[in-house]
Each structure stands twice: as structure tokens, then as C-alpha cells.
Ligand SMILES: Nc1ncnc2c1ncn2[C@@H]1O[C@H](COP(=O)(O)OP(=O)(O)OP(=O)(O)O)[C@@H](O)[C@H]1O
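Next comes just one chain, in C-alpha cells: the form predicted alone.
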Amino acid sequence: MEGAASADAKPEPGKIIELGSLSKVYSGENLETHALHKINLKIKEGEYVSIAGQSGCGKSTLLSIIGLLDVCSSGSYYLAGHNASSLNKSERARLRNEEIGFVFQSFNLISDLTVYENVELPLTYRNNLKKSEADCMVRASLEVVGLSNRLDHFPSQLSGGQQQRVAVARAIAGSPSIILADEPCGNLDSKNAESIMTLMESLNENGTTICMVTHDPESAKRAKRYVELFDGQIVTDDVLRDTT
């Protein structure tokens, strides 16, 4: 079994992310590394949560598990009501494509695909989605990020800020349950970073659920809820502003 789920854990209505006593242990020859220890975290629909902490505190491991790129060693994980702890690799890939949009620090755009094709790519893996439906979703998401006039451009023809906007468009195009943003401003100058943070806030104000990992305290506190990790455990979980 790839991840052990608690027999008592049940999904709660309105909760996108539910982690119950979730732990991650990496085992070596003579050493065990406890990357995460009994994490309890719930993120409800419409929240904007930042996860912060010093390098090595477990942020990246936690985001990988939430993003279904890795599995927990013990505990439970429900994603949009699905028991993600019990899924095999192919089932995780399908659920990830349907429920999660990713925004990475390094943009992760494919250089020989156009802006349109980069945004469209995750949608091509959805078996029951018509080409015409995907086209509408791509164009709508590029309109949201202000790049509807860059459909035929390649990543190399865009600024760093524009490339990250394409990445955001790709993340939201499929209407996922949650956006996971991993240091979304890490490769940007201050002007473009401010633009991306403002875009994230706008998306959230319009109902998008966001979980952002960052080492930058100022960026972290732009979210509505602030979660801090230390040595693989949650040490702070504060609501910064009204989420109703």
C-alpha cells in the first residue's frame, strides 16, 4: 500500500484538502528522515492559504503530497472528497489532472509549444473533453490573465512575468478544485512579482481556492491564511483576514 489511510477518516463537505495525522518518512540504509510528522490540515473551498517556513522544514514535501506527486508514509489524505491515500499511480495521475492546477517557480512551459498549446496540453489528457470545449477553456483562461493577444507566441518571445501568467492560465483552464503555487514569484523581479501576486488575489476573490508555498514572509502574508512549518510540523495556523 502506497499510503496508509486512517480507517476513521471521513471527508467533510466543502473541504478541498483534508490531511489527518499525515507523516512522511524517507528511509536510507541506516537512517530515517522524518520530513513530515502528524500534519493535520484542512483547506476549504474558496480559501487562500500560504505555507511558509525555512528551507528544509518540509514545505516542498507537503506540496508534493498534496499535489499527488508523492505519497504519505502514514495518515490520511482526502482531495475534493476522494481518498487520495488509497489510489495507485494511474489513479493519482487522473485525479491530479482533474482536481489540481499547478504554478511552478520555473514556469515549466514547453519551449516548442505556443502559448495556446501550453495552456491546452493538460486538457488533452481528459478523455471526455471535446476539442471545442477545450478551445473555449483555453481562450477564457488566457483572457483572465490578460494574454489573449499572445496565443501564437512561444515562451521565448515572452517576458518572465508573461510566462508565469501563461502558467497561471494553464493551471486554471481546467477549472480545478485547487491551485497549488510553488514559489510563484521566485524567478521574477519585484514588478512582475507584484503583478502575479495581484493576479492570485484576484483569482481568489473570484472563488479560486489557492494553496501557495513560499519562503518569502511578505508573499506569505498576502494570503488570507498563514500556515508555518518547522521541522516537519505545523507551528502556526493563523487567519490573516476574513474569508467569508
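Predicted, not measured: the structure shown is a model, and the values here were computed from it. In this text, residue numbers run from 1 along the sequence as written.
The same protein has a further form, the form predicted in complex with this ligand, not shown here; the description that follows concerns it.
- Interface residue among 54, 175, 198, 40, judged by heavy atoms within 4.5 Å of this ligand in the predicted bound form: 54.
- Screening 203, 35, 69, 193 for any heavy atom within 4.5 Å of this ligand in the predicted bound form leaves a single hit, 35.
- Residue 60 belongs to the set of residues with a heavy atom inside 4.5 Å of this ligand in the predicted bound form.
- Using a 4.5 Å cutoff between non-hydrogen atoms, residue 105 counts as a contact of this ligand in the predicted bound form.
- Across the options 184 to 192, 42 to 50, 203 to 211, 60 to 68, residues that bring heavy atoms within 4.5 Å of this ligand in the predicted bound form belong to 60 to 68.
- Compared with the form shown here, the Cα atoms of residue 189 and residue 106 sit 3 Å or more farther apart in the predicted bound form.
- In the predicted bound form, the CA atoms of residue 106 and residue 58 draw together by 3 angstroms or more relative to this form.
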